[in-house]
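One chain follows as structure tokens, the form predicted on its own.
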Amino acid sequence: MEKIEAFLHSLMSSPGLSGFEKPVSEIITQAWQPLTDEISYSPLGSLHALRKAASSEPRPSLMIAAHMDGIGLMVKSFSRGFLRVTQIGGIDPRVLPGQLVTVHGVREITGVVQMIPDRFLPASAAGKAPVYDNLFIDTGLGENELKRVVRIGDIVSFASQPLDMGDGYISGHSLDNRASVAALTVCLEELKHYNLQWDLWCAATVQEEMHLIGAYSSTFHIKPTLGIAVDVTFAQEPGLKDHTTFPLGKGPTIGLGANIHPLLHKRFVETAKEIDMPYAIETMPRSSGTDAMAMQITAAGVPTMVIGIPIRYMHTPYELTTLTDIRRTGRLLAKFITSLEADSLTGLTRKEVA
């Protein structure tokens, strides 16, 4: 996709917090509409885009899930002209002081997150990382005006704008997991001139950051033959161990562990080698922390795979990744999909690899 950078910018400029995904869903719908045959939505708001196979029915189906929700804040109470907030998804409060945010009230309001000065805290809290009870948002509005335009429960999103860092690096909020949505869009672009043998369901799922809710419900509705979760993983950065992180610009990760079917893992490794694509094996011995956890155990169970895009500074207002890895992930998915024949990889069980 030649304009993937502009598309990713639009995704990263949208709030779309977990449980409130409509703004980003509309952007994805516009991009996926011309690349698929049908667009629909789950009762919970997940976006389902179907690319129909050319083979006759009944035919197998593949579901690829990339969650579109992001993390953020919610207004919890008023405090003498300031806003107290709580988190939507996991946000380390240490990254919040000094951040610009947008309060989505009756109208959008810019605010800045601040904290009680250290010298005014109890001795037991002084010098320690802030907690949410000691954080607040200053909008510059008077107390009466603030209560007129903001309600308890209004969402608060990061106001950080996408930054092009040079050499194909991009930084901003919600790369977890809109980098994967962009990769899935690259995949759809790669497939637009192919006749597929499997039905392909692309699912931009909701509320992954809140208990994988969209993945459970979408998988139950679609009931795919196979499932792939595309998500981000931890890239190498100062203070993190190399054996638990992955380099930027060196390709996607291919999962291996409890959430991953061994034959799917093998097939993806073979596919990456076939197209001479760099990759890393990401071991996930317990759980993957992705939509695959829900996909795998929905209904009668679905053989699943996890593909990861390395990013730095996860769950902060300025996550960072590289467009090269996003494009490579999309191309790896497309190559795997075009290699599927009508009778390949059906009926997979753990017994076959025992």
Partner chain sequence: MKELLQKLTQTPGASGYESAIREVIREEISPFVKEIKVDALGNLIARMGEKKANGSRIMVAAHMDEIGVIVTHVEKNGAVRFSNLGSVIPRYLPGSRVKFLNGVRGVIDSDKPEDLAKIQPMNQFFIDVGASSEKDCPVKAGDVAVFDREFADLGQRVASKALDDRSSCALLVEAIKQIKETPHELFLVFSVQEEVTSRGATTAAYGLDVDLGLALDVTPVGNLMGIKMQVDLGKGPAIKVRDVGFIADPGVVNWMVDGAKAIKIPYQMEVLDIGSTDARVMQISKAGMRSGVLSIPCRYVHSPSEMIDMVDYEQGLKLLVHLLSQPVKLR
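This one's a predicted model, so the numbers in the text were calculated from it and none came from an experiment. Positions refer to the first chain, counted from 1.
The form predicted together with its partner chain is left out here; the points below concern that form.
K.L.:
Candidate spot G19, S77 and M210, all three in 4.5 Å heavy atom range of its partner chain in the predicted bound form?
P.N.:
Yes: G19, S77 and M210 each sit within 4.5 Å of its partner chain in the predicted bound form.
K.L.:
With its partner chain left out of view, which of Q197, T86, Q114, Q236 would have a heavy atom within 4.5 Å of it in the predicted bound form?
P.N.:
Residue within 4.5 Å of the partner: T86.
K.L.:
Under a 4.5 angstroms heavy atom criterion, identify the one residue in N259, S171, T253, S217 near its partner chain in the predicted bound form.
P.N.:
Selected option: S217.
K.L.:
I need the one stretch from 119-127, 150-158, 268-276, 94-102 whose residues put non-hydrogen atoms within 4.5 angstroms of its partner chain in the predicted bound form.
P.N.:
Looking at the other structure, the answer is 150-158.
K.L.:
Would you please decide whether E108 lies within 4.5 angstroms of its partner chain in the predicted bound form, comparing each non-hydrogen atom pair?
P.N.:
Judged by the heavy-atom cut-off of 4.5 Å, E108 is well away from its partner chain in the predicted bound form.
K.L.:
Heavy atoms within 4.5 Å of its partner chain in the predicted bound form: does D138 have any?
P.N.:
Outside the cut-off, so no.
K.L.:
With a 4.5 Å heavy atom cut-off, would you call E145 a contact of its partner chain in the predicted bound form?
P.N.:
Result no; E145 lies far from its partner chain in the predicted bound form.
K.L.:
Taking heavy atoms only, is M314 within 4.5 angstroms of its partner chain in the predicted bound form?
P.N.:
Looking in the predicted bound form, residue contacts with its partner chain do not include M314, since no heavy atom lies within 4.5 Å.
K.L.:
For the stretch 117-137, which residues lie within 4.5 Å of its partner chain in the predicted bound form by non-hydrogen atom distance?
P.N.:
Residue within 4.5 Å: D133, and no other.
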